[in-house]
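For reference, the chain that follows is the form predicted alone, supplied as structure tokens.
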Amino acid sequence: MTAQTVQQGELVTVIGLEVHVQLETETKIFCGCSTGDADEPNEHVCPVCLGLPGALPVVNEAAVEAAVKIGKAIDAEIPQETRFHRKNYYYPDLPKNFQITQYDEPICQSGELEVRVEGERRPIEIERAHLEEDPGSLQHVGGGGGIDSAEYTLIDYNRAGTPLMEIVTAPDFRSPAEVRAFLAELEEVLEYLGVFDAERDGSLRVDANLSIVEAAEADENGELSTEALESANRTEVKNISSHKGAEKALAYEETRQKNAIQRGRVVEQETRHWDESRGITVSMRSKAEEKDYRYFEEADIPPLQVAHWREEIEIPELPRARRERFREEYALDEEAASKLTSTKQVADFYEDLASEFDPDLAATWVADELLGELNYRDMAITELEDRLDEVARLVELVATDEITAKNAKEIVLRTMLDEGAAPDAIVEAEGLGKTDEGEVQAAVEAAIADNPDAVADYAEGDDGAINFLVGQVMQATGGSADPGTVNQLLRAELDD
């Protein structure tokens, strides 16, 4: 538990998370059904993932490998042996009426993940991370589509059996904003490991346990007591599927519980559903306790010997380490390093460019120009995976002074993204090749001759007049001259 300093009598928000991550494998965790997108509901199903009598599960090795990678990334203990259990409960999207999961011998134990909160980094304890199967999905129809108002519900079992990693944190969060920061950091790590696809619908889902604790028993150091944490009724909030959604759902629930306490009401220990369309949580059922699930060992799957996998399986350089290396190796500031390591694809592309061109130029073009234009279009760099060589060619045109940086960004890059054309073809079609020195000099002399008022203003000390003259030269050259060079030439003529 991370130490939290509080004042006696203070109402403190305490949050713990259960993060369900869909692992990127070709087939489901206990059968050979595809995890890919299906054209129709209930298309990727078989007797195993439908829980039909006599069907036997077989563990997907790729799912276990992904779990070990996650364990290494969060510095968790990986035991010699791990095993699966049955978690018994009835819900329409769970065809067997039990879920194959892990109970007291999970594959990852006692890890942590550092997050940046209000400019400072601190560790969030991860109590466990275990493998399990995903249930099917429910589609609520009619009545606004809400779980509490739908006319009926349809069930799609295509998702049933998709491998999940459930990551369970300690109650270390003290605000919804901290939760959002943690989820962003976790998603970065998972993406770097190559075990997770953030673009896939429902690939990360969060159940959050939130309590409001009155810190009447804060100790002499101002730390929240274990007794205070354990005595508070907690609410579980389900159906959270994004960083922003987590922050909004928990902010609403935090306010709801504090209002209830301040009015002298008891906060019920229950499970609530986050209705994103209405921005509220609604009661689903009383919160189940561990004993209600009647865990017992899954007899059809023998224990797995996994300790040796920790040494055999390698993981790539993780985001925080790469961010720190970028700052040191390429002399980047914190903001640029963060942008350039936001995804593994972005970081890899930057390093490719930095090996060929000036690292500062490469950083500007990736962190500011490329990512800025992609964000504006709600695109990801993965959508340019087959065209990154064209972006590199554009940077080369700028680096070798063949076109201006302004035209490269405002005309070439934007046309590349909007129309799919290649940079050289755009430069030729738009006539963007740089004007030769003689033509630029002639345009400078013409601008001075044609604009005596601006020349007089400059002579009287109005340095801003030079910008007007630069604009005249750029207009005359069709934007193909370098503004910095034009500025220097103008000053040389005017100061002579």
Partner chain sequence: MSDAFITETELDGAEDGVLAGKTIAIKDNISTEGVRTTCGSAMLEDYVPPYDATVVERVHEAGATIVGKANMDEFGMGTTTETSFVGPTDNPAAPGHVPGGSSGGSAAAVAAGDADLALGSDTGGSIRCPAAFCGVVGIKPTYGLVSRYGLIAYANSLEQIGPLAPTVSEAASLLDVIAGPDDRDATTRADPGEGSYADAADGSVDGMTIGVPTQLVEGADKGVREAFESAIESLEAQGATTTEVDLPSVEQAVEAYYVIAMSEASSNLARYDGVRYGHKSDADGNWNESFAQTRSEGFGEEVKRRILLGTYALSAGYHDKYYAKAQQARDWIKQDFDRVLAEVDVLASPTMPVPPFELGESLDDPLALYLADANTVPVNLADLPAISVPAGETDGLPVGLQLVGPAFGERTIISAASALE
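Numbering follows the first chain given and starts at 1. Keep in mind that what you see is a predicted model, and the values were worked out from it rather than measured. The term rigid core refers to the most C-alpha atoms you can superpose between the two forms while keeping them within 1.5 Å.
Omitted from view is the form predicted together with the partner chain, to which the following refers.
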property	result
Stretch from 316-324, 364-372, 151-159, 106-114 whose residues place a heavy atom within 4.5 Å of the partner chain in the predicted complex	151-159
Triplet 19, 144 and 202 all within 4.5 Å of the partner chain in the predicted complex via a heavy atom	no
One residue of 98, 357, 330, 196 in contact with the partner chain, assessed in the predicted complex (non-hydrogen atom, 4.5 angstroms)	98
In the predicted complex, the residue from 243, 72, 86, 344 that sits within 4.5 Å of the partner chain by heavy atoms	86
Contact label in the predicted complex: residue 294 to the partner chain, heavy atom within 4.5 Å	yes
4.5 angstroms heavy atom contact with the partner chain in the predicted complex for residue 298	yes
Touches the partner chain in the predicted complex: residue 279 (any heavy atom, 4.5 Å)	no
Any non-hydrogen atom of residue 36 within 4.5 angstroms of the partner chain in the predicted complex	no
The partner chain in the predicted complex - contacting residues of 243-263, heavy atom within 4.5 Å	none
Rigid core superposition, residue 138 Cα moves 2 angstroms or more between this form and the one not shown	yes
Did residue 92 shift 2 Å or more between this form and the one not shown, C-alpha, core superposed	yes
